[in-house]
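This document opens with one chain alone, in structure tokens, the form predicted alone.
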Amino acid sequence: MSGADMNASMGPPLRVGIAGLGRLGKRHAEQLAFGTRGASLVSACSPVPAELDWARTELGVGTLHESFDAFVRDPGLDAVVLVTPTSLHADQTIAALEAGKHVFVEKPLALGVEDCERVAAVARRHPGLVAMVGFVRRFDPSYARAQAEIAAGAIGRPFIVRSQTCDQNDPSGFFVKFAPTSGGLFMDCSVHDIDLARWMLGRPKALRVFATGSIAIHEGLRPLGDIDNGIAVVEFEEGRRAVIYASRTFAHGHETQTEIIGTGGKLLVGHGAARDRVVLSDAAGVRHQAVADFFERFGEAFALEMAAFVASCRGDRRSPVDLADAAEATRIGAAITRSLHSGQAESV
């Protein structure tokens, strides 16, 4: 057991409420209800009655709200977890902080830099409250090891990151209906890669971006101005660069992969999307099974992320992801989206 886990197991539990019980929200809720030491899931909020029924019957949550305002003002809550549409993140985070609640909010913090700055201003007025953004890959043991190796000088000076977030194709195109509020492919998926690139490169300032993309399968995205495959290049100060690829149409499974190139070597995380270490060779060829989705790939990281949030709220550790990093990820993601639409390089 880690030191954070040991500390989180002492004293009264942190009383946590969750807003948003969609695909990822249910995963977070299950983790809080059954797997996070030092936390008790006591409340849930959703405008969908069936989701509230699920929270009651499957998780034993006793307090249920359809109204976010009533939820966030509940004096029986110490902290809230927001897994709601991105367009609501900034205002809901502000409401939670002003109600005296610690906040975990899924990425991205907001679709615009101005909204990120509004959140940061309110957070500064409440220095005793934790406001943490869900950049889950920072908690993945493999990515954490890679960053530690870089910090120790294992590959010299890092100067290029190549990173991708590629989902297995869903023929139903479920994500199309969320496209108007997701911010588009780059903001929805590549914000993770943007944050990783800054983390691995030492948090350099971004100067300029260029993006291009296409629709390979899901034509329903076209009238929304979105794409299902895209490539972006980010130019940072001191000659550092990131090349980012995002896709919603991979045939074989979910494939997150990052390569960091330095003056003395390189690191590669996630190559091949392998589910396990079994490689099958037969008359049909040589192959292995791939992870199906982002939660299978990062299940452990999601658990560690929530444990870190709870430990931060309880004062056992400092919040490992700050609002400034979240604002920079949004700033770069927004510039990439502008470049996609303009067809030109855009300043950040």
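What you are looking at is a predicted structure, and each value in this text was computed from that prediction instead of being measured. Sequential numbering from 1, following the sequence displayed.
Just so it is clear, the following notes concern the form predicted together with another copy of the chain, a form of the same protein that is not shown.
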Seminar exercise, completed: Only one of 81-89, 227-235, 121-129, 97-105 sits within 4.5 Å of another copy of the chain in the predicted complex by heavy atom distance, namely 227-235
Exercise. Can you check whether Gly213 is within 4.5 Å of another copy of the chain in the predicted complex, heavy atom basis?
Worked result: yes
Problem set entry | another copy of the chain contact in the predicted complex: Asp115, any heavy atom under 4.5 Å | no
Problem set entry | Leu280: touches another copy of the chain in the predicted complex, heavy atom cutoff 4.5 angstroms | yes
Exercise. Is Ser172 close enough to another copy of the chain in the predicted complex to count, meaning some heavy atom within 4.5 Å?
Worked result: no
Seminar exercise, completed: When another copy of the chain is considered in the predicted complex, the residues of 12-37 having a heavy atom within 4.5 Å of it are Arg27, Glu30, Gln31, Phe34, Gly35, Arg37
